[in-house]
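Just the one chain here, laid out as structure tokens, in the form predicted on its own.
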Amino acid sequence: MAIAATISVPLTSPIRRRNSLTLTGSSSSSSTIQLSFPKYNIAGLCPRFRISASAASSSMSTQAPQKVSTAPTSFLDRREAGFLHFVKYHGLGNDFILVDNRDSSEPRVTPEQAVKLCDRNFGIGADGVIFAMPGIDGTDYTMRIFNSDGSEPEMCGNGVRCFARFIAELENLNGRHSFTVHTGAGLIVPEILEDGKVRVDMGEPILKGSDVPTKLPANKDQSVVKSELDVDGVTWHVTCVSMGNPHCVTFGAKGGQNLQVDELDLAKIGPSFEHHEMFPARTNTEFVQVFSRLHLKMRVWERGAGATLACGTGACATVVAAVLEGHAERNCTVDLPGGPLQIEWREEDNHIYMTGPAEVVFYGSVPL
């Protein structure tokens, strides 16, 4: 069962008033429909919201049977002037606003508008806005993303899985499919599997310190592996990896025992890593706890987004760093706050493969 309606949100400064949720449908029944979003709090959304939810990722209850239906494809095909139609997806709680931008090589919203759209109190709420754009240099599609602070990262691992599912919906693809995607981090190849999960060939990790980039001196074959970094008076051991975007991975402070990631105050320590002078392009930071050589737990402070529930490129960088430091094998489960990812760093081709879910949250439109 799908519930259809429209989200309407102003991008101007909001005026506080009573929240309301309006549903419109084709049924003649007068029964009240109650929407339940287990992982999303819609109570604080702007009062002009009207929401369409997918039964695949939301639980719904009705007081009496009634039919309310819509075809997601027809919703996405709507092109009213002045409105942005979108689908919200999440990958392990890392959530994104997906925009069909296949008719233009320029994003349909500005970075400033993206900031407002991502606001969790006065906007839709998301970690970023992703645009599905025409392919470049022979690729099938181009993916661009604006973070919730308006900055543009090179790539996003959870985002590219959501991107793949979005393309499958736009193109009405069923079953197993793969395609090529141009990103700021280079060529990415996602594959939708039979179980609905997405496996992504993330390419080769970049280990040369100056290319990550980091100003920390190389200490192992031009790489920065288990190097010392002073952050607010504490010396941390860090390994630097780029997955097309920079990552600083740490398994703990110098002289400390196995890191207990749930005890960290990310809001306090994360910005100090992100803006550290040793990272000229800023950095994403992964704090990692080792359960076994096949099982890691990670929390992340993302550049431009802060603490998020998951980071796909960060999970990839974590496994690379764990292998380089001798903590883990090349095929690991990485637990993130939003759930697990399976990461494999294949020795035969040096590529990293990430497998995980991507799910629809709701469909909507917003005046620009």
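Computed from a prediction, not measured in an experiment: that's the story for all the values here. Numbers for residues come from their place in the sequence shown, where the first is 1.
The next section is about a form of this same protein that is not shown, the form predicted in complex with a small molecule.
In the predicted bound form, do 96, 153 and 284 all put a heavy atom within 4.5 Å of the small molecule?
Verified in the predicted bound form; spot residues all in contact, yes.
task: Check whether residue 147 has any heavy atom within 4.5 Å of a heavy atom of the small molecule in the predicted bound form, and answer yes or no.
output: So residue 147 counts as contacting the small molecule.
Checklist entry - Can any non-hydrogen atom of residue 190 be found within 4.5 angstroms of the small molecule in the predicted bound form? => result No, residue 190 stays farther than 4.5 Å from the small molecule in the predicted bound form.
Just to confirm, residue 313 within 4.5 Å of the small molecule in the predicted bound form by heavy atoms?
-> Because a heavy atom of residue 313 falls inside 4.5 Å of the small molecule in the predicted bound form, the answer is yes.
* Asked: With a 4.5 Å heavy atom cut-off, would you call residue 245 a contact of the small molecule in the predicted bound form?
  -> Judged by the heavy-atom cut-off of 4.5 Å, residue 245 is in contact with the small molecule in the predicted bound form.
request  = Determine which one of 133-141, 155-163, 265-273, 224-232 lies within 4.5 Å of the small molecule in the predicted bound form, judging by heavy atom distances; exactly one does.
outcome  = Of the options given, it is 155-163.
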